[in-house]
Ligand SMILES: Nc1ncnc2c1ncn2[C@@H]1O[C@H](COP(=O)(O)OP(=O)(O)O)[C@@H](O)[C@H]1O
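Okay, here we've got a single chain as structure tokens, the form predicted on its own, with questions on binding and movement later.
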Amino acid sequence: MNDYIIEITNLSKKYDEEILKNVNIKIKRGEAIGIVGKSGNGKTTLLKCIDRLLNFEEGTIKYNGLDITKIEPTKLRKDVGIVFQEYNLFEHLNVLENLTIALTKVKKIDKLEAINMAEARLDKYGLLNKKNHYPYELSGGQKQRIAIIRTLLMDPKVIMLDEPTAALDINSKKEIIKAIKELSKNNITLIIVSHEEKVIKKVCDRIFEIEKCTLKEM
């Protein structure tokens, strides 16, 4: 088996102007990679390219040695999950419903089993008492942990986190850092983008910076 779970070679992406140019990185299984840089410099764009949410003009991205353009997007996203800065929770569903909807509709898991799985994860993260709450009743840190749990329940091999501690208070940041450290213990490959270098240094094995459209190791 290939040692690298993600391999990016000469990746370039343009909008009105070039935002990523000749990006190259190889990520080992179970590795935690941090990507830092100023807002708007292409960090989130890189994540979206990896997850096939955006097309790119040049270069290749491989997952498990396979070109991602040859992998069905829904199949890729079962293995490669992404947690966005905005959490993307369904406001009209409570926490338990947010966590079980993909399990029952995408993975076709029995509803009772899905509920048991979700409750077990909530209990592990100290959020079981929030299972009947709606997103508007949660703090930013709680929403972020719920979003992480939702991704975890799909049993991904790679989790990408987009600004996981942005706009959170100190206590909420501590909760998220603790949650990320727990993920890294379970041999899950992590790609974390943030403008908060202090946070990245606490949880990542290697750190890269996007500057002037290119990626370089720090």
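What you see is a predicted model, and the numbers here were worked out from it, not measured in a lab. We number the residues from 1 along the sequence you see.
The form predicted together with this ligand is left out here; the points below concern that form.
**Student:** In the model of the complex, which of the stretches 170-178, 24-32, 44-52, 145-153 has residues with heavy atoms within 4.5 Å of this ligand?
**Tutor:** The contacting stretch is 44-52.
**Student:** Is it the case in the model of the complex that 90, 102 and 104 each bring at least one heavy atom within 4.5 Å of this ligand?
**Tutor:** The answer is no; none of 90, 102 and 104 reaches this ligand.
**Student:** Looking in the model of the complex, any heavy atom of residue 65 within 4.5 Å of this ligand?
**Tutor:** No - in the model of the complex, heavy atoms of residue 65 and this ligand never come within 4.5 Å of each other.
**Student:** Any of the heavy atoms of residue 70 lying within 4.5 Å of this ligand in the model of the complex?
**Tutor:** Residue-level check for residue 70: no, no contact with this ligand.
**Student:** Please tell me whether any heavy atom belonging to residue 38 falls inside 4.5 Å of a heavy atom of this ligand, as the geometry stands in the model of the complex.
**Tutor:** Output for residue 38 is yes: heavy atoms within 4.5 Å of this ligand.
**Student:** In the model of the complex, does residue 207 come within 4.5 Å of this ligand, counting heavy atoms only?
**Tutor:** The answer is no: residue 207 has no heavy atom within 4.5 Å of this ligand.
**Student:** Which residues, if any, of 129-147 lie within 4.5 Å of this ligand in the model of the complex when only heavy atoms count?
**Tutor:** Read in sequence order, no residue approaches this ligand (within 4.5 Å, in the model of the complex).
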